[in-house]
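One chain comes next, on its own, written out as structure tokens in the form predicted on its own.
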Amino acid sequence: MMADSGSEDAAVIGNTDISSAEAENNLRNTMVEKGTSLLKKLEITVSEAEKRTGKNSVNMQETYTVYLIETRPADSGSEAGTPVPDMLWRRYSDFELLRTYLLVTYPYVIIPPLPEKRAEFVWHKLSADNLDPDFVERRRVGLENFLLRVASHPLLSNDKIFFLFLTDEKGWRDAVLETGFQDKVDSRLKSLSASFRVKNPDKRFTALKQYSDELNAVISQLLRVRARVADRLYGVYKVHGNYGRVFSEWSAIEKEMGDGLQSAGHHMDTYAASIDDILEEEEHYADQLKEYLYYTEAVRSVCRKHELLQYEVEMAAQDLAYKKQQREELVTGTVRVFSLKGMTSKLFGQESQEQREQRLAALEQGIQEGEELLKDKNHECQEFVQSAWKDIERFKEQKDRDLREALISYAIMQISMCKKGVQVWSNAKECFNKM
């Protein structure tokens, strides 16, 4: 995933011999230049996970996991060897806050998803405990993948808050909250209302949203099938251990055939024990599928934002049309539709010339403001579409490449597993032949 950098100004981060003021100054100066990927400047790893115990916000004791993020210049240009990395600890909730900030700040970007907080689509022998060491390890890998996805994105990688997340353990949370991003979060009710009430949805985004729903359903089914197959496979492999036990017991009562039976039993025991490593490797491919399962929600988020912008355009156009109609009625003196003002005029008499001129002036001002608002909303929507579709095309290429490679690797693993099964029985056959 590392890319060659076309620039020599590598982002040197961290130096234990400088003051905190100098460090802060370096932090600003080492941000990657606009338009380049952070991964061209910086190596990023989530190297380990650690279980800790402490008190939460309501003063209750809790056990949680923290993850060690290490960063170092990708190319230091030094002959002194690999530089000492900067290190800091982050909780999963810190990653969640970072992703929420990115979602709000870049609504036109398909933000990479975080790994699951609790295990889903697990086969029955796999622990669903979010503190289970194997699950924590897989989540560590997923969190590193999330950081690498963001750091390789042409736009997200240049975000200052993301850079602080990687390099400033104490001040990052204050910095992200100071951006005020939480005030920009669209309410779910507002987004839902827009999706039902928008009159002229963009067909491209409608099709993309439908595809995202269908992809989510397909990957969910695939993960359920894989979990059922893993259950069956585990049973089949472990049953071979019974062959090993029976052959070993049989060898005890045989003289000429004893050695062959004992050897065959050993092969069966080895085969039965191998399933644990096989299914652990399978979980790696399952996690790759899960990433794109969660990516579908990121795609839907972009579609919902577009619906909301389109709805605001339509509301602005509708409000402008209504004001123009009011102006026409006031100028011509004809009322095209029933209105409370028209009924009031009939009951209490016509308004004076001065009142009409005041209303007309107010309407002219409202129309002028409405035209400016509609122009701004149209411009905002058009810019969103242009930026979003550029990122959507980038995502499509990434998705096709990643899923193709994951499925090919999974098929290769299955073929290798079948070959091992054939080899075990071939070895057993040789043992029987020697009896």
Partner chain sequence: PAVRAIRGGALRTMAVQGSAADLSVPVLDLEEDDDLEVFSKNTSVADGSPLPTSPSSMTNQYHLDREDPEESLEQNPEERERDLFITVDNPESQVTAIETFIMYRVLTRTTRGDFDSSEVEVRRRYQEFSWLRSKLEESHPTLIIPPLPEKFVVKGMVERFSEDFIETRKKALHRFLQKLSVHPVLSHSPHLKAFLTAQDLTPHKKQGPGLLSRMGDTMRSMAQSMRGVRGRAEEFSSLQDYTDRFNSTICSVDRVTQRVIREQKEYLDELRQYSPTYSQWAELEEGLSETLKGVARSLDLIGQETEGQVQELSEVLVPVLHEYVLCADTLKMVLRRRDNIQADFEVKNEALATRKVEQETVRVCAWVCVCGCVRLQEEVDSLADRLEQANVALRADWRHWRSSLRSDIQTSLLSTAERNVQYYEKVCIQYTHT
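No experiment lies behind these values; they were computed from the predicted model shown. Positions refer to the first chain, counted from 1.
Omitted here: the form predicted in complex with the partner chain. The next part is about that form.
Contact with the partner chain in the predicted complex, defined as a heavy atom within 4.5 Å, is made by all three of L403, Q414 and G421. Contact with the partner chain, judged by heavy atoms within 4.5 Å in the predicted complex, is confined among 141-149, 302-310, 234-242, 109-117 to 234-242.
In the predicted complex, none of the heavy atoms of R90 sits within 4.5 Å of a heavy atom of the partner chain.
With a 4.5 Å cutoff on heavy atoms, K399 counts as touching the partner chain in the predicted complex. Not displayed here, the partner chain is approached by Y271 to within 4.5 Å at the level of heavy atoms in the predicted complex. Proximity of E354 to the partner chain in the predicted complex: non-hydrogen atoms within 4.5 Å are absent; the residue sits far from the partner.
Contact with the partner chain in the predicted complex, defined as a heavy atom within 4.5 Å, holds for exactly one of N200, Q318, Q221, Q182, namely Q221.
Here is the short version: of L289, L164, V136, L156, the single residue with a heavy atom within 4.5 Å of the partner chain in the predicted complex is L289. Contacts with the partner chain in the predicted complex, taken as any heavy atom within 4.5 Å, map within 209-234 to Y211, E214, L215, V218, I219, Q221, L222, V225, R226, R228, V229, R232, L233.
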